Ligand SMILES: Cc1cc2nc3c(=O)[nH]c(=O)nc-3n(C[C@H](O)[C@H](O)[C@H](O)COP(=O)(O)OP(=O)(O)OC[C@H]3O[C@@H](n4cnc5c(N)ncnc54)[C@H](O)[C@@H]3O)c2cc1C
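One chain comes next, on its own, written as structure tokens: the form predicted on its own.
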């Protein structure tokens, strides 16, 4: 006998969406999040964009789940009353030599099933965005911005309404194989004076985001051998002087860097219309997850180096000619769990077997993971359903 059917580790948007979808199956479920609130890490420290899906290789999980996830996310946000706005996005070519890349992204997006993509010329771009200068653009009208933390809380609420327990301040510190399932050890975090506990669970779903590789290691997986070591990289943002609010009405992206590791420094808009630039890609010399406080809360480094201002200015001024250096102020940053620092790596979504049976691992869930979350949740629920059917 097991205490629970399903334990979901991680309370970001992916974990909460998974808990909501799995609890629909009528299985006793608990979600464990080590922070004091939900969606405190990767979920809330990004551009909060619901992407179209034109960047990723056709057939990859990132492409498939991004296209499906955008539709599911839009539907969910509207049903749950979460702010979601299709502001649209333009990827701009500031030189003629960049236009073939727009054409490549158009063909790739169409192959992936991205809706309503089209190329626009300089004249149409000026009509749409008078303060942006470029030779051409790829327009994605269905790209949106939304309240990522609000969506995360709404998924958690839906999971709770379906009978799931949602526990914050609860860090998983050990996973031991137990009969045909798992014994889960939980240690309280923060200032709460609680005793730790253990429970048994037939199924464990590792949706721990920045910590997913380490949770997999707790279960006895050799993450180095599997190539599952997550390299945390920092994405910094600079806010733009609010005197410029309203000058840009859509998200403006450059042609992505050839490295494929990021989408490039772009114009981000929040739901209030405030503008910021970012994120860049900063490779960290030391793993910030190694800094542990006595209360069990990890001190991740979210400082923005003011010295990066010049590079932000240079990148953005290519298509925002009115921008001045003094318009930029350090704003925020987030961390990405990248599986590689060279080229493309897809998400890992894997149902384990044999001695690791009952474990599902989600590793390397970086961008476009926010958009993909509801589609990932459906895929994980399908894996659970297969396990239930033997």
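The structure displayed is predicted, hence computed values, not measured ones. Residue numbers count along the first chain shown, from 1.
One more form of this protein exists, namely the form predicted in complex with the ligand; it is left out here, but the text below deals with it.
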Which of these stretches, 338-346, 353-361, 43-51, 319-327, has heavy atoms within 4.5 Å of the ligand in the predicted complex? 43-51
Answer with one of 237, 228, 84, 76: the residue that has a non-hydrogen atom within 4.5 Å of the ligand in the predicted complex. 237
Which one, 125, 158, 275, 210, lies within 4.5 Å of the ligand in the predicted complex by heavy atoms? 210
Does at least one non-hydrogen atom of residue 279 fall within 4.5 angstroms of the ligand in the predicted complex? yes
Is there any non-hydrogen atom of residue 370 lying within 4.5 Å of the ligand in the predicted complex? yes
When the contact criterion is heavy atoms within 4.5 Å, does residue 63 count as touching the ligand in the predicted complex? no
Taking the ligand as it sits in the predicted complex, is residue 27 in contact with it (heavy atom to heavy atom, 4.5 Å or less)? no
Stretch 164-184 - residues with a heavy atom within 4.5 Å of the ligand in the predicted complex: 170, 171, 172
